[in-house]
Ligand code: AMP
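Let's start with one chain on its own, the form predicted on its own, as structure tokens.
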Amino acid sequence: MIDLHTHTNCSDGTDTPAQLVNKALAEGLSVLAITDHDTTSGWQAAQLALRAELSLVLGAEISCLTTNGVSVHMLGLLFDGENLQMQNMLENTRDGRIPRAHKMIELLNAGGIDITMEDVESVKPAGATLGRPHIADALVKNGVVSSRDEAFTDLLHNNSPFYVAHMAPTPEDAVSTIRNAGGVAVIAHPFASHRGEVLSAHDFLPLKNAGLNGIEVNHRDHSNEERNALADIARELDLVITGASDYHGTGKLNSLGENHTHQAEWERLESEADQRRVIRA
């Protein structure tokens, strides 16, 4: 099985990179991509834990905003981790998450919900990229909600009065930066409508023109109808079709390998990077 979208506690997952590698081995995965939000800080630990027949794909999930404010997530895989332009983009996006969190906390407080930045920091692993899931964890800790899922359903979704966008590159800029760093770009869960406003079918051609390599079609947040529509778009634009778990550990229901990428699609995707960067034990 090939799973190209997972998270560790270097962003908003609950497993360390080593624990994630161990679970991937236990589940029989052949290829695992680590794609923490806006950071590559888990790469080294994952490589140190790698063994047996598992192949490791290093990447990141970049938080983007379209010019009209639609939130988009772009998976960058197999890029040069030392590329300065890429690291600057990741750093700038991480930095934008801090004032965003403060503003969301202010809005929650104004809505009568008791939470502080200290509460959020107390549940965030040291060094992890700050995100809404950490606000959700603080709400759980404070007894406001019973789970992360409930926090997102009731309070933190994209259409919530407590939601705040943050500074982020456009999807086209993210794709261009990933490609300039030698990697491949796959748009993550682009039709997950329950998360908020999503792209329309005509938005994919500009991304293709910017260098987009693939579309994450098979994802638990896509209905069968949405999967079919995305697969049609991918075939029309000659883009790779991927599937992935978007695994977050205990933070979400997603299970490793619950959606996966077919071998032929993965081989094509890997070949479109400027170098062979898959890590093997």
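These figures come from a predicted structure and were not determined experimentally. Throughout, we count residues from 1 along the sequence that is shown.
Absent from the display: the form predicted in complex with adenosine monophosphate (AMP). The rest refers to it.
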**Request:** Answer with one of R179, R94, R132, K124: the residue that has a non-hydrogen atom within 4.5 Å of adenosine monophosphate (AMP) in the predicted bound form.
**Result:** R132
**Message:** Test of understanding: in the predicted bound form, would H222 fall inside 4.5 Å of adenosine monophosphate (AMP) by heavy atoms?
**Reply:** no
**Message:** I'd like to know if D149 sits close to adenosine monophosphate (AMP) in the predicted bound form, meaning any non-hydrogen atom pair within 4.5 angstroms.
**Reply:** yes
**Asked** Is there any non-hydrogen atom of G214 lying within 4.5 Å of adenosine monophosphate (AMP) in the predicted bound form?
**Response** no
**Asked** Does adenosine monophosphate (AMP) come within 4.5 Å of any heavy atom of G243 in the predicted bound form?
**Response** no
**Prompt:** Counting only non-hydrogen atoms, which stretch in 231-239, 246-254, 43-51, 25-33 is within 4.5 Å of adenosine monophosphate (AMP) in the predicted bound form?
**Reply:** 246-254
**Message:** Pick out the residues of 1-32 whose heavy atoms come within 4.5 Å of adenosine monophosphate (AMP) in the predicted bound form.
**Reply:** D12
